[in-house]
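Only one chain is given next, in structure tokens, and it is the form predicted alone.
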């Protein structure tokens, strides 16, 4: 009953086999091999337009490089109050951008509210040298609360960003989970809604270590080559990142893995909702389930072998839990089995 994180799951067999297949022989280095080019072309096909692809090792690197590409002196980037970039990346975006700031924006269940975003951006007029200058907007899809921005919500945020001439970045660590939840195409969820660049994550969805920064504006690619090198994210043997993505994208494996993960989360959520000892914190959209439990119930579940994380109560739910209750996060993955879900529900 491992529901700690999709990062705990291993690699899908097809992805592991692809690494083995490409482990022998020679291939040109630093992203110039035939396999690198093949995957770049495939990602252009996935997004239905020519894109610039930059392989990196972590989602933190992808997000930080995205914001670095928009960096300005005294820069301010806007994100949700509980977004991964501000809550879980140890200041990496600020470090990569040489001292920019992340400005939190409120919104229910992990999603930035477009009206509040507009108000926060207006707090930084361009002629106020003391306050700094807006430089970017970043949203997380799926969010840290496991919710998913609807297409119209992305479009509303993009409209605010465009009105202020700010690039819009999408942190897609769980990109596939959000995509299958919406039953949309990658193009429909990104550039057709006004997104400028995407952190395209594979690690949480069956890859070993595969992330990519996708740029829709090809004129920005030249500068990104230097930013990536300077940040120590240009891998010499980049074919081993490409090998993972090659198998990941083949036959829409990535979408199938996300559908399974989401289905297991839905099964888990349905069981929890029917339990007498637990309740959902909010509706489930992707593969993260947030549950409110009595502290003693959580302890008993752990005694029976369940693994999950305590989770801080979001600002918009502050004061809504009883003193003897806690909020807990359960995450499913491509490796989650239905019987493990059922065991947890039965234990509840």
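This one's a predicted model, so the numbers in the text were calculated from it and none came from an experiment. Numbering follows the first chain given and starts at 1.
Another form, the form predicted in complex with another copy of the chain, is not on view; read the next lines as being about it.
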Report the residue, out of 258, 102, 154, 269, that has at least one non-hydrogen atom within 4.5 angstroms of another copy of the chain in the model of the complex.
102
Selected contact from 227, 215, 263, 150, since only one has a non-hydrogen atom within 4.5 angstroms of another copy of the chain in the model of the complex
227
Heavy atom contact within 4.5 Å of another copy of the chain in the model of the complex, the stretch among 179 to 187, 161 to 169, 83 to 91, 246 to 254:
83 to 91
Would another copy of the chain be touched by all three of 9, 58 and 133 in the model of the complex, meaning a heavy atom each within 4.5 Å?
yes
Is residue 19 close to another copy of the chain in the model of the complex, meaning a heavy atom pair under 4.5 Å apart or at it?
yes
Report yes if any heavy atom of residue 27 sits within 4.5 Å of a heavy atom of another copy of the chain in the model of the complex; otherwise report no.
yes
Residue-level contact is defined here as any heavy atom of the residue lying within 4.5 Å of another copy of the chain in the model of the complex; does residue 207 satisfy this criterion?
yes
At the 4.5 Å heavy atom threshold, is residue 194 in contact with another copy of the chain in the model of the complex?
no
Contacts with another copy of the chain in the model of the complex - residues in 224 to 252 whose heavy atoms fall within 4.5 Å
225, 226, 227, 229, 230, 231, 232, 233, 234, 235, 236, 237, 239, 240
